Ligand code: M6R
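Before any questions on binding or motion, here is one chain by itself as structure tokens, the form predicted alone.
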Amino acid sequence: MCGIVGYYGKNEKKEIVIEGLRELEYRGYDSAGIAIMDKEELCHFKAVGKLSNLETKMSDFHSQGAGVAIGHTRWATHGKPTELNAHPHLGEYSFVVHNGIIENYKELKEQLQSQGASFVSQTDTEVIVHLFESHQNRLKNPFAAFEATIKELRGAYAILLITKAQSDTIFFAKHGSPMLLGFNTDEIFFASSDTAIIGKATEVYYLQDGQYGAIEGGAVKLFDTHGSKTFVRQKLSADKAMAQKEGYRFFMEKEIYEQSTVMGDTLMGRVMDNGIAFDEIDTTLLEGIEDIKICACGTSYHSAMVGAYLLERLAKIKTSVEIASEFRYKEPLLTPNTLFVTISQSGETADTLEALKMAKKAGLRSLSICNVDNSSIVRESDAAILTRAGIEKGVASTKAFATQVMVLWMFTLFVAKQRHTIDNEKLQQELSAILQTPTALKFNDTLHAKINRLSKRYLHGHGFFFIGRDIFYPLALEGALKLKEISYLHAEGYPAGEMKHGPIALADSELFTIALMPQTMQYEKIKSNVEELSARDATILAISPLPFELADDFIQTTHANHPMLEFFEMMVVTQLLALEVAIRLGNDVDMPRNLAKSVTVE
């Protein structure tokens, strides 16, 4: 999501940092900033919006001679996109930039405020610089103060810090968020992606989790919990396009792979020992609410359907789901005791935005689930929960869908606890499963290679049926949509029990059935439905932890102790299948024909 660039050297630091940040624009951002040590004076500039706004602010600034600089593009997680919330964050004599989420920032902030620290932003990042200065004021040793600081942080971080207490130094640390060092003669670069330093550095070292250190006198001091570390540089690629894709063939492929990491961002600071915490929601939002209506389009509509199953099952609250383009014209009955929830990746989906305005006009309270802070839908809503998926360049949504479903799952537990419809034992089971989700989203090369081999059998025929039951029915719809979007093959999602009510008439050897067969939810029922299709000679691809003897092809999943873990693992399989079929057909996976990423018209 956010982008970091740092520089140690003699050249014009402003240009180097801005050029690096520009190469990271593809990651998405809503504000940007730079801090530069100029003749032992710390100068900083921030701007909301595009980098061009920051450049305008810095047009008259120039820095000469050896020095250090750090820059950042921010995608809001804590606090709105404002100049105060933009990085770098300032203490009394130091600046910090940070990617990730500090989980214990609230307790650290309270501790620092009790010691007299003054905070100006709503971010978690600001605690880092104040914590560093608290230790520095006590220890009078900047490196020791930095070590003490990172020892107190919980969560994910990539950090660069500069300070007047040691003006020729950049301090750095990595845990859970990417960070690398680049080298070129007597210059040293930092970045959250090698895209930012291609053409500037010739060699690179990718920091490992738990590593930290400092650039002092042009030399790298590197440490981990076991002490001082040596490291080996490697040659840096010169292909910027491939660097953005990080070695993957398409952005969609990259985004499928990064779902596990992104899900960690979605969870951070929200999953507590005794429940779910949403800083974005005032508990009064739910007072007097008797039912929930969710409105969305496309992939977001499928995530909404999953949410409806969960809300009714666990929170025991009546929940309905509406397609936004239909909702606008059906003259819906809207009552004040309904919470109106909208879901959108971009926050600009025209039909969903208009539906929200209708609900607001009718006096309903509103909540949006969105990936883009300060978007139209977020601004229009009474409250908003950000999915924190980062920018998604592939038109066919993957990680946006996964994070929407997770937010709905967490929101369900939030509502259930407030309504007292879930006991502590069940709550702990759900929280445990949520924390296992990033692992369920990981997959190895063996699985991907198997799907690649299978895909060559699915390039013809007269169509696909994706079938599932319960929460796996909306997953079947989403799996079919992914295949349609990028392969241009006809595919439909159906509730498995509905096949015999008409669609089974299409069954023959040229009908491909993708059967989602979870062990934890109605396995015997779905097995019976698939047997009916097999008896009519349909070609069956079964996705399940349990071998199915009638399957023509079988992909075995591993997570079978909670339906949602099975859901996310099967989701990845359907995404990879669509990807590999589309690639074999020679299609542009990232930019499928006739489609746009954000649908801003009816």
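Note that residue numbering begins at 1 and tracks the sequence as displayed. Bear in mind the structure is a predicted one, so any value in this text is a computation, not a measurement.
Just so it is clear, the following notes concern the form predicted together with the ligand, a form of the same protein that is not shown.
The contact residue chosen from 344, 99, 412, 266 relative to the ligand in the model of the complex is 344, the criterion being a non-hydrogen atom within 4.5 angstroms. Residue 482 is the only one of 399, 89, 482, 74 with a heavy atom lying within 4.5 Å of the ligand in the model of the complex.
Across the options 389-397, 360-368, 178-186, 454-462, residues that bring heavy atoms within 4.5 Å of the ligand in the model of the complex belong to 389-397.
When contacts are judged by a 4.5 Å heavy atom cut-off, residue 349 counts as touching the ligand in the model of the complex. Of the heavy atoms in residue 298, some are within 4.5 Å of the ligand in the model of the complex.
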